[in-house]
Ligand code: UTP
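The chain below stands alone and is given as structure tokens, in the form predicted on its own.
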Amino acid sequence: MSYTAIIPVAGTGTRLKPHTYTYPKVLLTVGEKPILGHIIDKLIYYGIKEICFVTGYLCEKVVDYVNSNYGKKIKIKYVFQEEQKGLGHAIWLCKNEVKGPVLIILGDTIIEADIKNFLDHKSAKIGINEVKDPQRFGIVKIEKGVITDMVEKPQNPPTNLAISGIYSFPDSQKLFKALDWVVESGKTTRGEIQLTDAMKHMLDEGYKIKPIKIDGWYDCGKPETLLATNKYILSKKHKKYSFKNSVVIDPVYISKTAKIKNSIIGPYVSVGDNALIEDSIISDSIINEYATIKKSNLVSSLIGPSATVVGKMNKLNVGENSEVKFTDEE
């Protein structure tokens, strides 16, 4: 039986305001497409044919994006999380929609890993990675190649091995049974129903979960990490661009419908559909669709869809349909 993927996409993305006032976090652009697009494309590449999305905040935009771009490629299901009560709660809501083996992957993190290592039917697996700040994550202890203990965001972490946003369970019903136990017992960690607590219960019941070291883990939850992820994705691109009276410094992504005039673009810049950049110098930035940038010097900036920036500045974080001017010109 093939794996079904669950992707939680209900988060509000409070650390990415003002962009998440009008866009769900998972639809923000990195490289040439939204975060969620990178994740779905990878799952399809590895043979996933069915995905259940846990939606919430601005769910209609997620549904529209997924249906428009992937409706003919995969089987799609949606579950609505009315109130965000934690990752464990989001997964638990899928118990009537998902049967058989399940792969869980977070919707706001780009994970570099060989997904096929998670898709055999021999044992449950979770991705792990060494981190410098283990207090922020679910942490595991490992002995003889299997996980012996785990704890969510501990004050005194037993290791620096963090759970890294990808999980697989050959028998999803055992996972949902553990989540039932967490929900029915009223157990919460930091006020939320945690997937880590359900997996800890599974370990206590004798269930084996193997760790898999992943190659990379790129968070998209803050402006600086979104830009870092954009930089990583662009570093793997090798397409050359040329515009009259302009200089393009690789690596960049520039939409075919974008217009570049008398500007220097790059390195590490993503430019969306129908954006206009004129008389400007831009590096390490994301310029979304229909944005207009004129006479500006931007570094480490996020410019939202249909936003307008005219003038000179070093760093900006401008949301959708905003207008910023540093000039008296009309």
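As the structure is a prediction and not an experimental result, all values here were calculated from the model. Each residue number is its position in the shown sequence, starting from 1.
What comes next is about the form predicted together with this ligand, which is not displayed.
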Contact segment among 43-51, 273-281, 22-30, 59-67, judged by heavy atoms lying within 4.5 Å of this ligand in the model of the complex: 22-30
Answer key, this ligand contact in the model of the complex at 4.5 Å (heavy atoms) among 102, 182, 150, 90: the residue is 90
Counting non-hydrogen atoms within 4.5 angstroms of this ligand in the model of the complex, say which of 210, 231, 95, 85 makes the cut. 85
So in the model of the complex, is this ligand close enough to residue 106 to count as touching (4.5 Å, heavy atoms)? yes
Heavy atom of residue 10 within 4.5 Å of this ligand in the model of the complex: yes
In the model of the complex, does residue 172 have a heavy atom within 4.5 Å of this ligand? no
Whether residue 196 contacts this ligand in the model of the complex should be assessed with a 4.5 Å heavy atom distance threshold; does it? no
